[in-house]
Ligand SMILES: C[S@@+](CC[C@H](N)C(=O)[O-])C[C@H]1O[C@@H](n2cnc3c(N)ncnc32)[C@H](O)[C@@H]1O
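One chain is shown next in structure tokens, namely the form predicted on its own.
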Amino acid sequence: MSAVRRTVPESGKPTTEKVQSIFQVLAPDYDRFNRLSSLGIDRSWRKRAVRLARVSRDSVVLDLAAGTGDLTMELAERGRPASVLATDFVEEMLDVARAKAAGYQGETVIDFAVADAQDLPFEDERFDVVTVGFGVRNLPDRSANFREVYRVLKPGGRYVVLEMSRPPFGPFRSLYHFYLHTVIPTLGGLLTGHRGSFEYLRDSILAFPGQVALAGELHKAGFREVTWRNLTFGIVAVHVAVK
């Protein structure tokens, strides 16, 4: 484990402390919100990310911003690598993930650690695959995360980024943005009593770069191959970057 680094955010972005405080409060209800807000489709998004990760039985995997552990468990149950290390900088989210992993009976070794994805406490070239599900957009310093992932990946390793994105079809994108502005904060507020936290989540989605721009950021960080797949008409995209 490592202490969480206090990141100086880009202008207008929340600090690391602010993001931590939001998810500390949301942890108990976060899964229920995800299922309802996505109509259960979020499970299929994680399955696709695991397929694109191309893990093998001897893969050593790092799952960043693992939150409540849904992607971690998908990796263990479907990808079945040698090990998955799930990290997050919010202990309360990892507590939910640990409870899920307690019932796992497969062969993959699942471990947990509190760590900041912008300042990883791991040696160079340790992991075969690094994943992150719906966490990159909550990092005040994305470029630091990309540099750190590049550092801890083995040559030829894959960084799989599952994240909300930008539907390319204009009319559908407008409908989706209406949903973000109205349903997300209302539903989140009703479920948790913390509407402001879901207004932040909405704004983080709207401010996140589109598919081409995110691919450019990954290339700038040194990755030599970057591809992406749009899911559900581009509401979500899976970027795969190879070291």
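Just so it is clear, the structure is predicted and the values come from calculations on it, not from any experiment. Residue positions are given as counts along the sequence shown, with the first one as 1.
Another form, the form predicted together with the named molecule, is not on view; read the next lines as being about it.
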23, 118 and 135 all contacting the named molecule in the predicted bound form, non-hydrogen atom within 4.5 Å: yes
Exactly one listed stretch (74-82, 104-112, 89-97, 165-173) reaches within 4.5 angstroms of the named molecule in the predicted bound form by non-hydrogen atoms, and it is 89-97
Does the named molecule get within 4.5 angstroms of any non-hydrogen atom of residue 139 in the predicted bound form? yes
My question is simply whether residue 66 lines the interface with the named molecule in the predicted bound form - judged by any non-hydrogen atom within 4.5 Å. yes
Within a 4.5 Å heavy atom cut-off, is residue 30 in contact with the named molecule in the predicted bound form? yes
Taking 4.5 angstroms as the cut-off for heavy atoms, does residue 19 touch the named molecule in the predicted bound form? yes
Single option in 34, 192, 197, 211 placed near the named molecule in the predicted bound form, where near means a heavy atom within 4.5 Å: 34
